[in-house]
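One chain follows as structure tokens, the form predicted on its own.
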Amino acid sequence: MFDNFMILFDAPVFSIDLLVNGMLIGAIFVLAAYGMALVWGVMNIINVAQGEFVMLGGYVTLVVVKLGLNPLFGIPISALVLYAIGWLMYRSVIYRVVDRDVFTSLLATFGISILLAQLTNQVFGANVQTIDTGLGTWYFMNGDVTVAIIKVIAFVLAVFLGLVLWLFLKKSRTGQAIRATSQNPRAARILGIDTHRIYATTYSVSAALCGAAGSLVVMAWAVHPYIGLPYTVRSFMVVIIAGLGNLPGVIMAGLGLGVAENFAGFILGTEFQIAFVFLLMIAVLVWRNFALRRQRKYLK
């Protein structure tokens, strides 16, 4: 571990490579975090199944490729399929836990995550699968810095979808209804807004964003039925750090998490990379709890 740490000082070009690729990796975390922030902010539900929606997006893209289509078509197709799945999940399960306590929603979405993972395992098997996009890689600094083009696409897509989501919430009638419902659901109902339809749309849009993220995951890395939990944890951390309703903050936190995870994987070893993510989540929760306690003490 110490030797790997010293390499970063002896050969700074490796730090540049880790920094650039970490930011590009973080873009995929941003996409999944958009959805969690939306559901949490509007419906007051912490969606533990967020990572499973990412996983399903990857498998939808695998099916698209097996049908003979270009892998990039998998991005919009995965988003559309996951939108439909999100709508189905809301109508069958989630609407029953809206306006209930957070613990109830955690149990419900945790059950959904287990169900989706096991069904995917039965249908597609437990093998790790990936897709070769054929887009190639860019090389910089005499080949010491490598950037996969699919990761650049992920970065651009994350920024673009963040802008689209902001415009959707700001300008469209549905977006304004979503914002009104998040602020005061009872008042929104009195004003004639169908809050159940708004909740269904919100949950479905969240699933669609995860579907697009999963499509990029299977093209940039790999997918298997049990990759969901790390993506849920990453999304949760990004939202905790950025705060609800702060899309620029989600982008910055997601990119920062990607960089931190990339450096940790290099220094500690890839076998400890996921462990680092969970330890970081504990540190973030402790820090947020400490900050909230100080804020409450100050208000008193």
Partner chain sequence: MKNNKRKFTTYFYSLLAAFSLLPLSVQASVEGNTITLGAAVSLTGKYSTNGKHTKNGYDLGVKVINEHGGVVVNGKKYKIAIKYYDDESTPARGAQLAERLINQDNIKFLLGPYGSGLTKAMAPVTEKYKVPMVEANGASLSLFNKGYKYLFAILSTTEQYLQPAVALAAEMAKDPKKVRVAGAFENDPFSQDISTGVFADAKKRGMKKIIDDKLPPDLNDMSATLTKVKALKPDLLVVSGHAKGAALAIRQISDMKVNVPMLALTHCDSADIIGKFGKAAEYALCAAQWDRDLSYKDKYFGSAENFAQRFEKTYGYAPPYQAAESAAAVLVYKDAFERAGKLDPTSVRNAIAKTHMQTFYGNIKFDKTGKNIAKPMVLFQVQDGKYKVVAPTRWANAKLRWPTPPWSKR
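Numbering follows the first chain given and starts at 1. None of the values given here were measured: they were computed from a predicted structure.
Keep in mind that the form predicted in complex with its partner chain is missing from the display, and what follows is about it.
Enquirer: Residue 265 near its partner chain in the predicted complex, any heavy atom under 4.5 Å?
Expert: So residue 265 counts as contacting its partner chain.
Enquirer: Is there a heavy atom of residue 70 no more than 4.5 Å from a heavy atom of its partner chain in the predicted complex?
Expert: Close contact is absent here: in the predicted complex, residue 70 is far from its partner chain, nothing within 4.5 Å, heavy atoms only.
Enquirer: Does its partner chain come within 4.5 Å of any heavy atom of residue 276 in the predicted complex?
Expert: Outside the cut-off, so no.
Enquirer: Any of the heavy atoms of residue 226 lying within 4.5 Å of its partner chain in the predicted complex?
Expert: Flag for residue 226 set to yes.
Enquirer: Going by heavy atoms within 4.5 Å, which of 201 to 209, 128 to 136, 162 to 170, 82 to 90 lines up against its partner chain in the predicted complex?
Expert: That would be stretch 128 to 136.
Enquirer: Would you mind picking the one in 148, 193, 107, 119 that has a heavy atom within 4.5 Å of its partner chain in the predicted complex?
Expert: It is 148 that has a heavy atom within 4.5 Å of the partner.
Enquirer: If you look in the predicted complex, which residues in 28 to 61 sit within 4.5 Å of its partner chain (heavy atoms)?
Expert: Only a single residue, 29, comes within 4.5 Å of the partner.
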